[in-house]
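The chain that follows stands alone, in the form predicted on its own, written as C-alpha coordinates.
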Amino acid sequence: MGNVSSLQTQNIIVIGGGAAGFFGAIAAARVNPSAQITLIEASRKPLAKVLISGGGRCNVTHACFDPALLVQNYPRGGKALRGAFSRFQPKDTIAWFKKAGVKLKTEADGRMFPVTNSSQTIADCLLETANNLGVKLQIGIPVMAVKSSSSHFTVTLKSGESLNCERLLLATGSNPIGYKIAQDLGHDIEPPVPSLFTFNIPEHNLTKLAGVSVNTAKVRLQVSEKIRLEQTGALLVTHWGVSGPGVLKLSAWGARGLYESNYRATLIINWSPEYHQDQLREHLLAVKNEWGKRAVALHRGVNLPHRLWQFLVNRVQIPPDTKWAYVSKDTLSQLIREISQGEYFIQGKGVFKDEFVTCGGVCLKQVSFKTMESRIAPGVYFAGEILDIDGVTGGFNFQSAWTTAYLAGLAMGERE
(Lines give C-alpha, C1' and ligand atoms only; values in the text may rest on other atoms or scores of the structure.)
Protein backbone atom coordinates (compact mmCIF):
# COMPACT_ATOMS: atom_id res chain seq x y z
CA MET A 1 0.00 0.00 0.00
CA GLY A 2 2.91 2.33 0.45
CA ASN A 3 6.32 2.87 1.98
CA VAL A 4 8.37 5.48 3.77
CA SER A 5 8.84 7.44 0.55
CA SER A 6 5.10 8.04 0.28
CA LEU A 7 4.26 9.29 3.79
CA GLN A 8 0.81 10.64 4.55
CA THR A 9 0.76 13.42 7.12
CA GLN A 10 -1.90 13.28 9.83
CA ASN A 11 -2.34 15.73 12.68
CA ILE A 12 -3.41 13.05 15.15
CA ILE A 13 -3.20 9.27 15.10
CA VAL A 14 -5.00 7.14 17.68
CA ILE A 15 -3.76 3.56 18.06
CA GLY A 16 -6.46 1.32 19.52
CA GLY A 17 -10.13 1.04 18.60
CA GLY A 18 -11.59 0.39 22.02
CA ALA A 19 -13.58 2.66 24.32
CA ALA A 20 -10.61 4.91 25.15
CA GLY A 21 -9.43 5.18 21.55
CA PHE A 22 -12.82 6.21 20.19
CA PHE A 23 -13.56 8.58 23.07
CA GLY A 24 -10.19 10.28 22.70
CA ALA A 25 -10.54 10.64 18.92
CA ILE A 26 -14.03 12.12 19.32
CA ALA A 27 -12.89 14.60 21.99
CA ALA A 28 -10.02 15.77 19.77
CA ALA A 29 -12.27 16.12 16.72
CA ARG A 30 -14.83 18.16 18.63
CA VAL A 31 -12.33 20.64 20.04
CA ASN A 32 -10.46 20.92 16.72
CA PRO A 33 -12.76 20.23 13.73
CA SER A 34 -9.97 20.99 11.26
CA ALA A 35 -7.65 18.30 12.63
CA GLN A 36 -7.04 15.21 10.56
CA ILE A 37 -7.61 12.28 12.90
CA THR A 38 -6.97 8.64 12.06
CA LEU A 39 -7.93 5.81 14.40
CA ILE A 40 -6.14 2.51 13.77
CA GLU A 41 -7.47 -0.79 15.13
CA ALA A 42 -5.56 -4.04 14.64
CA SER A 43 -8.59 -6.34 14.74
CA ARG A 44 -11.53 -6.32 12.38
CA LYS A 45 -13.92 -5.71 15.28
CA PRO A 46 -13.56 -2.30 16.91
CA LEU A 47 -15.02 -1.86 20.39
CA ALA A 48 -15.01 -5.63 20.95
CA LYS A 49 -14.57 -5.28 24.72
CA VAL A 50 -17.41 -2.77 24.90
CA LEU A 51 -19.70 -5.27 23.18
CA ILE A 52 -19.01 -8.14 25.60
CA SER A 53 -18.76 -6.10 28.78
CA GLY A 54 -21.38 -6.33 31.50
CA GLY A 55 -22.78 -9.54 30.06
CA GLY A 56 -23.51 -7.74 26.78
CA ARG A 57 -25.13 -4.76 28.52
CA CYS A 58 -22.00 -2.55 28.94
CA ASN A 59 -21.53 -1.26 32.48
CA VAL A 60 -20.76 2.29 31.27
CA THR A 61 -19.94 3.89 34.62
CA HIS A 62 -20.89 3.99 38.29
CA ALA A 63 -23.18 6.45 40.09
CA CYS A 64 -20.44 7.83 42.35
CA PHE A 65 -20.10 11.58 41.87
CA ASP A 66 -17.56 12.51 44.54
CA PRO A 67 -14.01 12.17 43.12
CA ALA A 68 -12.61 11.54 46.62
CA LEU A 69 -14.90 8.50 47.00
CA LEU A 70 -14.59 7.46 43.37
CA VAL A 71 -10.81 6.98 43.56
CA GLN A 72 -11.23 4.50 46.41
CA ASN A 73 -12.35 1.95 43.81
CA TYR A 74 -8.96 1.86 42.08
CA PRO A 75 -6.34 -0.47 43.57
CA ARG A 76 -3.82 1.19 41.25
CA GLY A 77 -4.08 4.72 39.85
CA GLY A 78 -6.51 6.25 42.33
CA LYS A 79 -4.13 8.97 43.48
CA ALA A 80 -3.29 9.99 39.90
CA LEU A 81 -6.97 9.99 38.92
CA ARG A 82 -8.08 12.30 41.75
CA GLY A 83 -7.44 15.49 39.80
CA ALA A 84 -8.55 13.95 36.51
CA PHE A 85 -11.96 13.08 37.98
CA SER A 86 -12.42 16.70 39.04
CA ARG A 87 -12.34 17.54 35.31
CA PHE A 88 -14.33 14.61 33.90
CA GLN A 89 -16.22 12.19 36.13
CA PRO A 90 -19.33 9.94 35.96
CA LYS A 91 -21.82 12.84 35.85
CA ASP A 92 -19.92 14.13 32.79
CA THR A 93 -20.05 10.68 31.20
CA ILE A 94 -23.81 10.54 31.76
CA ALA A 95 -24.23 14.01 30.21
CA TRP A 96 -21.97 13.10 27.28
CA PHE A 97 -24.00 10.03 26.33
CA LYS A 98 -27.30 11.82 26.95
CA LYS A 99 -26.28 14.55 24.49
CA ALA A 100 -25.37 11.80 22.02
CA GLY A 101 -28.87 10.32 22.39
CA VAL A 102 -28.05 7.49 24.81
CA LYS A 103 -29.78 7.55 28.17
CA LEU A 104 -28.25 5.61 31.06
CA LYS A 105 -30.01 4.03 34.04
CA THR A 106 -28.75 3.34 37.54
CA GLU A 107 -29.21 -0.07 39.17
CA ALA A 108 -29.51 -0.70 42.90
CA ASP A 109 -25.79 -1.35 43.34
CA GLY A 110 -24.79 1.89 41.56
CA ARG A 111 -23.82 0.36 38.24
CA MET A 112 -25.02 2.28 35.20
CA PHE A 113 -26.13 0.76 31.90
CA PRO A 114 -27.84 2.04 28.76
CA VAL A 115 -31.63 1.88 29.14
CA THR A 116 -31.64 -0.45 26.13
CA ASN A 117 -29.68 -3.03 28.17
CA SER A 118 -27.54 -3.52 25.06
CA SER A 119 -23.84 -2.76 24.70
CA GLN A 120 -24.48 -2.40 20.96
CA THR A 121 -26.12 0.94 21.81
CA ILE A 122 -22.83 2.26 23.21
CA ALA A 123 -20.73 0.85 20.36
CA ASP A 124 -23.08 2.30 17.73
CA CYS A 125 -23.02 5.68 19.46
CA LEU A 126 -19.22 5.84 19.44
CA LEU A 127 -18.92 4.63 15.85
CA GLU A 128 -21.57 7.01 14.55
CA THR A 129 -20.19 10.00 16.45
CA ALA A 130 -16.64 9.37 15.25
CA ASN A 131 -17.86 8.98 11.68
CA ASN A 132 -19.94 12.18 11.82
CA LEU A 133 -16.91 14.12 13.05
CA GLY A 134 -14.76 12.89 10.17
CA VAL A 135 -12.51 10.56 12.15
CA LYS A 136 -10.90 8.20 9.64
CA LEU A 137 -11.06 4.56 10.73
CA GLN A 138 -8.50 2.02 9.62
CA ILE A 139 -9.77 -1.36 10.81
CA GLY A 140 -7.93 -4.68 10.67
CA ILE A 141 -4.54 -3.03 10.26
CA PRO A 142 -1.97 -3.79 12.98
CA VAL A 143 0.66 -1.21 13.90
CA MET A 144 4.17 -2.66 13.88
CA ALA A 145 6.26 0.23 15.22
CA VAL A 146 6.37 3.92 16.05
CA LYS A 147 9.44 6.11 15.66
CA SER A 148 9.81 9.69 16.78
CA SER A 149 11.72 12.58 15.28
CA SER A 150 12.05 16.19 16.35
CA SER A 151 8.87 17.20 14.49
CA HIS A 152 6.66 14.15 14.11
CA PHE A 153 6.01 10.46 14.73
CA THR A 154 6.15 7.79 12.04
CA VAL A 155 3.66 4.96 12.48
CA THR A 156 4.51 1.85 10.48
CA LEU A 157 1.66 -0.53 9.66
CA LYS A 158 1.85 -4.25 8.95
CA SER A 159 0.74 -3.46 5.39
CA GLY A 160 4.02 -1.63 4.87
CA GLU A 161 2.34 1.75 4.82
CA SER A 162 3.70 4.53 7.04
CA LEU A 163 1.82 7.49 8.44
CA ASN A 164 3.10 10.69 10.02
CA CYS A 165 1.50 12.65 12.84
CA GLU A 166 2.35 15.42 15.25
CA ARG A 167 0.29 13.94 18.09
CA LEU A 168 -0.13 10.29 18.98
CA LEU A 169 -2.63 8.69 21.37
CA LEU A 170 -1.81 5.19 22.60
CA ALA A 171 -5.06 3.51 23.70
CA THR A 172 -4.17 -0.11 23.03
CA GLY A 173 -5.40 -1.57 26.31
CA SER A 174 -3.41 -4.32 27.96
CA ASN A 175 -1.64 -5.34 24.78
CA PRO A 176 2.01 -6.38 24.24
CA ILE A 177 2.29 -4.26 21.08
CA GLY A 178 1.09 -1.16 22.91
CA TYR A 179 3.54 -1.79 25.74
CA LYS A 180 6.40 -2.28 23.26
CA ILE A 181 5.58 0.97 21.45
CA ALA A 182 5.49 2.82 24.78
CA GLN A 183 8.82 1.27 25.79
CA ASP A 184 10.40 2.13 22.43
CA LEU A 185 9.37 5.74 23.08
CA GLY A 186 11.20 5.67 26.41
CA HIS A 187 8.53 4.67 28.93
CA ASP A 188 8.78 2.20 31.78
CA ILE A 189 6.17 -0.56 32.00
CA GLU A 190 4.91 -2.06 35.25
CA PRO A 191 4.61 -5.77 34.37
CA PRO A 192 0.95 -6.60 33.60
CA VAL A 193 -0.72 -9.30 35.69
CA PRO A 194 -4.41 -10.32 35.97
CA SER A 195 -6.85 -8.46 38.18
CA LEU A 196 -10.56 -9.19 38.89
CA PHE A 197 -10.73 -12.96 39.10
CA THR A 198 -12.34 -15.66 41.20
CA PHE A 199 -10.55 -18.02 43.59
CA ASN A 200 -10.01 -21.71 42.95
CA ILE A 201 -10.47 -23.71 46.16
CA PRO A 202 -10.36 -27.41 45.29
CA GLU A 203 -12.16 -28.61 48.42
CA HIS A 204 -14.65 -31.18 47.20
CA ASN A 205 -17.29 -30.69 49.88
CA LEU A 206 -17.23 -26.93 49.26
CA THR A 207 -17.48 -27.09 45.45
CA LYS A 208 -20.41 -29.53 45.83
CA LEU A 209 -22.30 -26.47 47.11
CA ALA A 210 -21.97 -24.71 43.72
CA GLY A 211 -24.77 -22.18 43.37
CA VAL A 212 -25.16 -21.54 47.10
CA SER A 213 -24.76 -17.87 48.04
CA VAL A 214 -24.92 -15.53 51.01
CA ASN A 215 -25.87 -11.86 50.76
CA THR A 216 -23.08 -10.67 53.02
CA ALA A 217 -19.81 -12.33 53.95
CA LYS A 218 -16.57 -10.87 55.23
CA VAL A 219 -13.57 -12.31 53.39
CA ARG A 220 -9.95 -11.88 54.41
CA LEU A 221 -7.00 -12.71 52.19
CA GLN A 222 -3.64 -13.63 53.63
CA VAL A 223 -0.97 -13.91 50.95
CA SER A 224 1.99 -13.28 53.25
CA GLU A 225 2.80 -11.61 56.56
CA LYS A 226 2.84 -8.26 54.71
CA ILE A 227 -0.23 -8.75 52.52
CA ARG A 228 -3.48 -9.06 54.45
CA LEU A 229 -6.63 -7.67 52.87
CA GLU A 230 -10.31 -7.64 53.81
CA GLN A 231 -13.56 -7.03 51.92
CA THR A 232 -17.28 -7.48 52.58
CA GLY A 233 -19.93 -8.42 50.03
CA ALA A 234 -22.13 -11.15 48.61
CA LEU A 235 -20.35 -14.48 48.18
CA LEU A 236 -21.15 -17.26 45.71
CA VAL A 237 -19.86 -20.83 45.88
CA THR A 238 -18.88 -22.12 42.42
CA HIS A 239 -17.83 -25.40 40.84
CA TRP A 240 -14.20 -24.31 41.28
CA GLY A 241 -14.28 -22.32 44.54
CA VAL A 242 -15.75 -18.92 45.40
CA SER A 243 -16.77 -15.75 43.59
CA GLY A 244 -18.78 -12.60 44.33
CA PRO A 245 -18.08 -8.88 44.83
CA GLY A 246 -15.93 -9.32 47.93
CA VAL A 247 -13.76 -11.96 46.27
CA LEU A 248 -13.35 -9.88 43.11
CA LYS A 249 -12.30 -6.84 45.14
CA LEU A 250 -9.77 -8.94 47.03
CA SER A 251 -8.37 -10.24 43.74
CA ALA A 252 -7.94 -6.66 42.50
CA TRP A 253 -6.27 -5.27 45.61
CA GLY A 254 -4.12 -8.37 46.00
CA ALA A 255 -3.44 -8.89 42.26
CA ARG A 256 0.33 -8.47 42.30
CA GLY A 257 0.89 -10.30 45.58
CA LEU A 258 -1.27 -13.21 44.42
CA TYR A 259 0.62 -13.37 41.12
CA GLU A 260 3.95 -13.46 42.97
CA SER A 261 2.67 -16.24 45.24
CA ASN A 262 1.52 -18.26 42.18
CA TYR A 263 -2.07 -17.81 43.39
CA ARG A 264 -1.48 -19.71 46.60
CA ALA A 265 -2.98 -18.00 49.64
CA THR A 266 -5.30 -18.45 52.62
CA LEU A 267 -8.86 -17.12 52.45
CA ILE A 268 -10.64 -16.60 55.78
CA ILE A 269 -14.43 -16.43 55.50
CA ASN A 270 -16.86 -15.01 58.04
CA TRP A 271 -20.19 -16.36 56.83
CA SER A 272 -22.23 -14.36 59.38
CA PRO A 273 -20.47 -11.00 59.87
CA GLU A 274 -23.62 -9.50 61.42
CA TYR A 275 -22.53 -11.20 64.66
CA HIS A 276 -19.43 -10.32 66.66
CA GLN A 277 -17.83 -13.49 67.98
CA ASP A 278 -19.19 -13.01 71.53
CA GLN A 279 -22.66 -12.32 70.12
CA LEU A 280 -22.43 -15.46 68.00
CA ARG A 281 -21.53 -17.52 71.08
CA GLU A 282 -24.48 -16.11 73.03
CA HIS A 283 -26.80 -16.76 70.12
CA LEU A 284 -25.70 -20.39 69.65
CA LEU A 285 -25.90 -21.03 73.40
CA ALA A 286 -29.48 -19.75 73.30
CA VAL A 287 -30.22 -22.10 70.37
CA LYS A 288 -28.65 -24.98 72.30
CA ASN A 289 -30.78 -24.28 75.37
CA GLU A 290 -34.04 -23.82 73.48
CA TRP A 291 -33.65 -26.54 70.84
CA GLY A 292 -31.57 -29.09 72.70
CA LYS A 293 -33.54 -32.06 71.31
CA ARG A 294 -33.08 -30.99 67.69
CA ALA A 295 -30.24 -32.29 65.51
CA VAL A 296 -27.52 -29.68 64.92
CA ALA A 297 -27.34 -30.49 61.21
CA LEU A 298 -31.08 -30.02 60.75
CA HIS A 299 -31.74 -27.03 63.01
CA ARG A 300 -29.60 -24.13 61.81
CA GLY A 301 -28.05 -21.98 64.50
CA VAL A 302 -27.68 -18.97 62.20
CA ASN A 303 -29.50 -17.73 59.12
CA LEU A 304 -27.48 -19.44 56.39
CA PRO A 305 -28.53 -21.63 53.45
CA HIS A 306 -29.30 -25.12 54.75
CA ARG A 307 -26.67 -26.89 52.62
CA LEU A 308 -24.01 -24.39 53.69
CA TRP A 309 -24.92 -24.87 57.36
CA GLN A 310 -24.60 -28.67 57.01
CA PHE A 311 -21.23 -28.19 55.27
CA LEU A 312 -19.95 -26.07 58.18
CA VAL A 313 -21.23 -28.56 60.76
CA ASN A 314 -19.53 -31.39 58.87
CA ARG A 315 -16.30 -29.39 58.59
CA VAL A 316 -15.93 -29.41 62.39
CA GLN A 317 -16.79 -33.13 62.39
CA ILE A 318 -20.07 -32.92 64.26
CA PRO A 319 -21.96 -36.16 63.45
CA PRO A 320 -25.18 -35.35 61.52
CA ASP A 321 -27.50 -36.84 64.20
CA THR A 322 -25.87 -35.00 67.14
CA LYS A 323 -28.44 -33.13 69.23
CA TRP A 324 -27.78 -29.52 70.25
CA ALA A 325 -27.95 -30.55 73.92
CA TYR A 326 -24.88 -32.77 73.47
CA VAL A 327 -22.63 -30.19 71.81
CA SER A 328 -19.67 -29.67 74.13
CA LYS A 329 -18.14 -26.28 74.94
CA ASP A 330 -15.06 -27.09 72.84
CA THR A 331 -17.15 -28.27 69.89
CA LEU A 332 -19.27 -25.12 70.08
CA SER A 333 -16.07 -23.03 70.00
CA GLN A 334 -14.92 -24.93 66.91
CA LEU A 335 -18.28 -24.28 65.22
CA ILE A 336 -18.07 -20.59 66.06
CA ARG A 337 -14.56 -20.41 64.56
CA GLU A 338 -15.76 -22.22 61.46
CA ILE A 339 -18.67 -19.81 60.95
CA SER A 340 -16.69 -16.64 61.70
CA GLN A 341 -13.16 -17.44 60.53
CA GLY A 342 -13.08 -20.62 58.51
CA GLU A 343 -9.85 -21.09 56.56
CA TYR A 344 -9.75 -22.15 52.90
CA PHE A 345 -6.67 -22.66 50.78
CA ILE A 346 -6.64 -20.87 47.43
CA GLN A 347 -4.83 -22.89 44.76
CA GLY A 348 -5.23 -20.88 41.58
CA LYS A 349 -7.48 -18.34 39.96
CA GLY A 350 -10.54 -18.52 37.79
CA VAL A 351 -12.01 -15.86 35.50
CA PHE A 352 -14.78 -13.35 35.95
CA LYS A 353 -17.39 -13.63 33.19
CA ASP A 354 -16.25 -11.60 30.18
CA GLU A 355 -14.37 -8.96 32.13
CA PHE A 356 -10.64 -9.10 31.42
CA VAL A 357 -8.77 -6.58 33.54
CA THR A 358 -5.07 -6.36 34.27
CA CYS A 359 -2.98 -4.31 36.63
CA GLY A 360 0.28 -2.97 35.24
CA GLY A 361 1.10 -0.80 32.27
CA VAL A 362 2.77 2.54 31.57
CA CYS A 363 4.34 4.02 34.72
CA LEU A 364 2.01 6.79 35.94
CA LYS A 365 4.83 9.07 37.07
CA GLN A 366 5.79 9.46 33.42
CA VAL A 367 2.38 10.88 32.44
CA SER A 368 0.79 14.27 33.22
CA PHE A 369 -2.76 13.63 34.40
CA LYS A 370 -3.83 17.14 33.47
CA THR A 371 -3.41 16.39 29.77
CA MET A 372 -2.48 12.67 29.67
CA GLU A 373 0.65 13.69 27.76
CA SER A 374 3.89 11.84 28.30
CA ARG A 375 6.53 13.54 30.43
CA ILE A 376 9.12 11.50 28.54
CA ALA A 377 8.03 11.95 24.91
CA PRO A 378 6.18 15.22 24.15
CA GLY A 379 3.33 14.70 21.69
CA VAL A 380 2.57 11.18 22.97
CA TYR A 381 -0.63 10.72 24.99
CA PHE A 382 -2.11 7.76 26.87
CA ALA A 383 -5.64 6.67 27.71
CA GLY A 384 -7.31 3.59 29.15
CA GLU A 385 -5.87 0.32 30.29
CA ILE A 386 -2.43 0.79 28.72
CA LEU A 387 -1.77 2.84 31.86
CA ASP A 388 -1.01 1.22 35.21
CA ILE A 389 -4.61 1.85 36.33
CA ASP A 390 -7.28 -0.67 37.20
CA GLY A 391 -10.55 -0.47 39.06
CA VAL A 392 -12.79 -2.96 40.79
CA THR A 393 -15.88 -4.26 39.05
CA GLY A 394 -18.86 -1.94 38.68
CA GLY A 395 -18.11 0.41 35.78
CA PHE A 396 -14.95 1.90 37.25
CA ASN A 397 -12.60 0.66 34.53
CA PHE A 398 -14.76 2.20 31.83
CA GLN A 399 -14.90 5.46 33.76
CA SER A 400 -11.11 5.71 33.93
CA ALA A 401 -11.05 5.04 30.17
CA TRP A 402 -13.61 7.80 29.46
CA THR A 403 -11.81 10.27 31.73
CA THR A 404 -8.25 9.70 30.51
CA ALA A 405 -9.39 9.59 26.87
CA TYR A 406 -11.41 12.79 27.17
CA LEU A 407 -8.51 14.70 28.74
CA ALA A 408 -6.07 13.34 26.17
CA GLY A 409 -8.38 14.21 23.26
CA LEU A 410 -9.01 17.69 24.61
CA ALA A 411 -5.27 18.35 25.01
CA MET A 412 -4.38 16.96 21.58
CA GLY A 413 -7.08 19.00 19.87
CA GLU A 414 -6.19 22.24 21.63
CA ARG A 415 -2.46 21.92 21.09
CA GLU A 416 -1.00 24.14 18.39
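In this text, residue numbers run from 1 along the sequence as written. This is a predicted model, so every value here is computed, not measured.
Not pictured, yet referred to below: the form predicted together with a small molecule.
Picking from 278-286, 160-168, 337-345, 138-146 the stretch near the small molecule in the predicted complex, with a 4.5 Å limit on heavy atoms, gives 138-146.
Comment: the small molecule is not present in this chain, but in the predicted complex one of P192, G78, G254, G173 has a heavy atom within 4.5 Å of it, namely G173. Of the candidates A234, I177, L133, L298, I177 is the one whose heavy atoms come within 4.5 Å of the small molecule in the predicted complex; the others do not. The small molecule in the predicted complex comes within 4.5 Å of a heavy atom belonging to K49. In the predicted complex, the small molecule sits within 4.5 Å of a heavy atom of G54. Using a 4.5 angstroms limit between non-hydrogen atoms, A408 is distant from the small molecule in the predicted complex.
Taking the partner from the other structure, the small molecule in the predicted complex has no heavy atom within 4.5 Å of any heavy atom of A25.
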